[in-house]
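In structure tokens, the next block holds one chain alone, the form predicted on its own.
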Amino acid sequence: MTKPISLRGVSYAYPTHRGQMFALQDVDLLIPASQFCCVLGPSGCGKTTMMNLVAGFLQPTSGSVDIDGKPIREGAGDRGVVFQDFSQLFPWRTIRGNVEFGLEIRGMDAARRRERAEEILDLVGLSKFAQSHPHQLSGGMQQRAAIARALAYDPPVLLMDEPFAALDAMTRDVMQNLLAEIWQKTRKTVLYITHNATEAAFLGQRVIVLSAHPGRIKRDFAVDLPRPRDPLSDAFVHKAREIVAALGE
């Protein structure tokens, strides 16, 4: 089961010595259930603020943020979150232990936790590393583990904040392909924050471009390219260039 995300008239301001400063202002956005939506924009445009609002880490200054028509509740199990920072994994737990964590706090019995963790680790290609600890894995493998942990309890919504930005180019390409495959299998509603127009065109069904500070929706692109996508095809290059041009408008 997947769920839609809705932001209605959302603004978020933080206090400064000069008064309130808006990170986001008057944002209206509906992400239908099962859509892979990428949000793109210059530094400081409020991309991460938007994700934190949907995650429930922040509350809007005005407007409303809903999932499936219901207000966001911090700690609810309807969202899995993946960050850029590799340190998001618990270093004292094995990879399987990390993946089982969300299931454990939800009271799932040990046998079922292990079975579910093994299913998800197989999905992300980490079955052989279940007993390893995070520091024993590469950055790309740690991000696979973070994705597995976010998927383990089967949340309908997946929130991702530039999860591959710190990876080298080759590993990033591998991870983008893996994520595209996972989304095609699970059809979760995905809100994906990125600063990379090519990545957005490769992953998203839809790309939202935010204006510079304060963030407002400037452009809304449908990306109807077939999958698997070929970054060297004329159609892909044309779409990526459209998105890049919107960033500079």
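All values derive from a computational prediction rather than experimental measurement. Start at 1 and count along the sequence shown; that's the residue number.
Heads up, the form predicted in complex with a small molecule isn't pictured, but that's what we're talking about next.
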Interface membership of residue 43, the small molecule in the predicted complex, 4.5 Å heavy atom rule: yes
Can you work out whether residue 235 and the small molecule are in contact in the predicted complex, taking contact to mean some heavy atom pair no more than 4.5 Å apart? no
Given that the partner is absent here, does residue 205 sit within 4.5 Å of the small molecule in the predicted complex, heavy atoms only? no
is_contact(residue 48, the small molecule) in the predicted complex, heavy atom dist at most 4.5 Å: yes
Is it true that 26, 67 and 216, all three, sit within 4.5 Å of the small molecule in the predicted complex, judged by heavy atoms? no
Only one of 35 to 43, 219 to 227, 178 to 186, 196 to 204 has heavy atoms within 4.5 Å of the small molecule in the predicted complex; I'd like to know which. 35 to 43
